[in-house]
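As structure tokens, one chain now follows by itself in the form predicted on its own.
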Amino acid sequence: MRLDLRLASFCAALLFSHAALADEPLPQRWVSAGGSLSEWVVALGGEDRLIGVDTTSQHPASLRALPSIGYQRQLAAEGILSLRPDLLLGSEEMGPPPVLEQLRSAGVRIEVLPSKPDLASLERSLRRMGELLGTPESASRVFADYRQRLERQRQWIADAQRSQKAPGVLLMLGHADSAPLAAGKDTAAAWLIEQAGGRNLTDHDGYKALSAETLMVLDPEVVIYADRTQKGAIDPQALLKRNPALAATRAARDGRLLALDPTLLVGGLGPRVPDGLAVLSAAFYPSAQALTAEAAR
């Protein structure tokens, strides 16, 4: 009997909490820190809620007209508070922590979503954004479609690998005038390489600069270059001039230097990732029929 009473009390409390959440007004003035998250807000029909975004939120182009709150890892409380937001949405990459605490103290609601590049993390993020926007059914449909697209990608790679082996790939992340950093294990870049059917050649964690000797030993068949200062296609000659050690690699000799939009690496898996994977896969396996029309260009 005592157990039944406890269970009844727990159920009543749970129902009360759900009712309280349902009665809580949805946030109407959003700022978003993280390109992928900003893109998902738009994809879920919430673009009219956005009043400010960070510098990695470049897609769709309409977001560039919104006030900037700075880089997601170097936010400043004053600029965000001046926009009078109800909600700051960001990934685990967002910071610094003292600024987030200052915003909380000022009454700004902060939602921190996972940035790990996997479907489980994406599903949690989409579910939460759907709740905050009041469109949970839409979020569920979007995730189901996304998962199906990645499954088609996986099947395409399996077919391509029946006649072609996975190429050795190196992804270099450019930072203005500093030396490019090579993507290591457990990074969004490594996930992209593997999902596109390549072999990430590095074994370090995170991102780090490589010596010329290491680059020559790795001798990648494909080099992907993501440069935050560059838009559109890369100029191979300019890239090799800035990074002379690349010239001795198979990737340079065979003309397999690929550009990647660096915003695809920010804030977890974004809406454009399946298309980006298809483009990379078409370059990894040139003799296979491209998965999408865009990848075939």
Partner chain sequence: MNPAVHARPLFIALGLLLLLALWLSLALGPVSLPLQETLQAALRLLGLPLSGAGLEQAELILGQIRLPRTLLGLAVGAVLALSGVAMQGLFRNPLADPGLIGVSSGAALGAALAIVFGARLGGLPEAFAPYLLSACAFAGGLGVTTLVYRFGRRNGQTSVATMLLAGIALTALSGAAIGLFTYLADDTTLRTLTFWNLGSLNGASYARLWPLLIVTIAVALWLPRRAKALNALLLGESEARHLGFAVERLKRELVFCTALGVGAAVAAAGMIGFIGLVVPHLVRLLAGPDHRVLLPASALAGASLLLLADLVARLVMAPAELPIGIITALIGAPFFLYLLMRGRS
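Residue numbers count along the first chain shown, from 1. These numbers come from a predicted model, not from an experiment.
Although not depicted, the form predicted together with its partner chain is the subject of the following passage.
Only one of Leu269, Leu44, Leu246, Ile69 lies close to its partner chain in the predicted complex, with a heavy atom inside 4.5 Å, and it is Ile69. The partner is absent here; in the predicted complex, the one residue of Glu93, Asp227, Asp86, Glu123 having a heavy atom within 4.5 Å of its partner chain is Glu93.
When contacts are judged by a 4.5 Å heavy atom cut-off, Arg141 does not count as touching its partner chain in the predicted complex. Using a 4.5 Å cutoff between non-hydrogen atoms, Gln102 counts as a contact of its partner chain in the predicted complex. In the predicted complex, its partner chain lies within 4.5 Å of some heavy atom of Lys208. Residue contact check for Ala158: none of its heavy atoms lie within 4.5 Å of its partner chain in the predicted complex. Annotation: in the predicted complex, residues Pro114, Leu119 and Met129 none come within 4.5 Å of its partner chain through any heavy atom.
Shown alone, this chain has one stretch from 146 to 154, 133 to 141, 219 to 227, 103 to 111 that lies within 4.5 Å of its partner chain in the predicted complex by heavy atoms: 103 to 111.
Within 4.5 angstroms of its partner chain in the predicted complex, the stretch 56 to 81 places a non-hydrogen atom from each of Pro67, Ser68, Ile69, Gly70, Tyr71, Arg73, Gln74, Leu75, Ala76, Ala77, Glu78, Gly79, Ile80, Leu81, taken in sequence order.
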